[in-house]
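One chain comes next, on its own, written out as structure tokens in the form predicted alone.
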Amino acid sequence: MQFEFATASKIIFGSGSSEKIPELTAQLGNKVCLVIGGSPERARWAIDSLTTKGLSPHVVTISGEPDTDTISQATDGVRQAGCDVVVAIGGGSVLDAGKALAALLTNQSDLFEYLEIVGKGLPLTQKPAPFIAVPTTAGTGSEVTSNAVLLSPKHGMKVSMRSADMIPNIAVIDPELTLSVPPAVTATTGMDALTQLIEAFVSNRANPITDSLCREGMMRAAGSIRPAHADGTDLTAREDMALASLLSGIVLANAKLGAVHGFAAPLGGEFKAPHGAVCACLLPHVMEMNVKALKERDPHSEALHAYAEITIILTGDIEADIEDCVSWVKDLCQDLQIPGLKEMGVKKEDFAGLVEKTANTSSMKGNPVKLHKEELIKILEMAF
């Protein structure tokens, strides 16, 4: 048995923990780059608290999902401002932008030198600037991952800038920051977390540490995603989902994912659909196809035992079989009003191109079984 495991140097979890951000930032640098979402007023509390601490921030706003053009332009401004520490407060897109900016502060080559698939994928030569990640949604787990997902408009695809050194120095998870997240976003981000936990648990790179974290995360998500969606003020449910999201980020950084996220990269690049919605839409069908392929080609696979364990965790029924688990996930997607691929703008004539792009994604390397082209097409047909 051989594996490696890495995560943030410090994780601070709990309601009210965001109050520690100014003090933590002051310990890491003098000139802060604050990365926030498209509405500066929602982050006014952070701007004011940092300013009060004597850390008047250089603010970078990220509207929607970050693309290569946005990050390249922002990098120039951050360098000119002389920033030496980065704090990102927002959803997964904001945190990914922060990770990329922290890395590009100290690594001076063009962004595409470091990007996978569409660039050269070169390793970083310098450690990124100190980085504090503060999620305001519960889903991506980006606060503890080692990559920044960016859209390349030129290539119509989401790709990653990746390095173990890009894992944030400090992750501050304050569930109170998620209380105002609307139901639709709660649903899609929560399904992203659940998908990451499931895919990491059956991944061919799973290990005993990630397995234990997946079990805890799946249990929390299974019991709290519906309550959090139904009542955003339910702090207990919000805490569970924040923890599930955190754990999903830790495990994906250490065990890889699978075909759901393999598809999500090209789908997210070509169609304007929330990443979590894409993952949710595909999840039950990838599970069903993986199990079928494993039974046919590798009936003694550990992944089949993992799927059986997932079934018990999600359904709470020790007598349930994997087909019941697939049905449970489908029912969950229906309850959360997750649209199908057709509603996301995908056409059947897009399937072949999507499958071709999916084959080159890093996530596919973690899938428990190599799926054939016709099986990948079938997944898209079932999710349509």
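Every value quoted in this text rests on a predicted model; they were computed, and no experiment measured them. Numbers follow the displayed sequence, beginning with 1.
Keep in mind that the form predicted in complex with ligand NAD is missing from the display, and what follows is about it.
J.: Closest heavy atom of residue 252 to ligand NAD in the model of the complex, within 4.5 Å or not?
T.: Taking the distances in the model of the complex, the answer for residue 252 is yes, it comes within 4.5 Å of ligand NAD.
J.: Tell me, yes or no, whether residue 266 is in contact with ligand NAD in the model of the complex, where a contact means a heavy atom of each within 4.5 Å.
T.: Judged by the heavy-atom cut-off of 4.5 Å, residue 266 is well away from ligand NAD in the model of the complex.
J.: Can residue 147 be called a contact residue for ligand NAD in the model of the complex at 4.5 Å between heavy atoms?
T.: Heavy-atom contact with ligand NAD at 4.5 Å: present for residue 147.
J.: Does ligand NAD come within 4.5 Å of any heavy atom of residue 91 in the model of the complex?
T.: Contact check for residue 91: yes, within 4.5 Å of ligand NAD in the model of the complex.
J.: Among 147-155, 198-206, 217-225, 121-129, which stretch sits within 4.5 Å of ligand NAD in the model of the complex, heavy atoms only?
T.: Careful reading of the contacts points to 147-155.
J.: Ligand NAD is absent from this chain, but in the model of the complex, do 137, 142 and 180 each have a non-hydrogen atom within 4.5 Å of it?
T.: Affirmative, all three are within 4.5 Å.
J.: Find the only residue in 185, 167, 213, 104 having a heavy atom within 4.5 Å of ligand NAD in the model of the complex.
T.: By the 4.5 Å criterion, the partner-contacting residue is 185.
J.: Go through 42, 58, 330, 357 and name the one with a heavy atom inside 4.5 Å of ligand NAD in the model of the complex.
T.: By the 4.5 Å criterion, the partner-contacting residue is 42.
J.: Any residue of 339-367 with a heavy atom within 4.5 Å of ligand NAD in the model of the complex counts; write them all down in order.
T.: If the 4.5 Å heavy-atom criterion is applied to ligand NAD in the model of the complex, 339-367 yields nothing.
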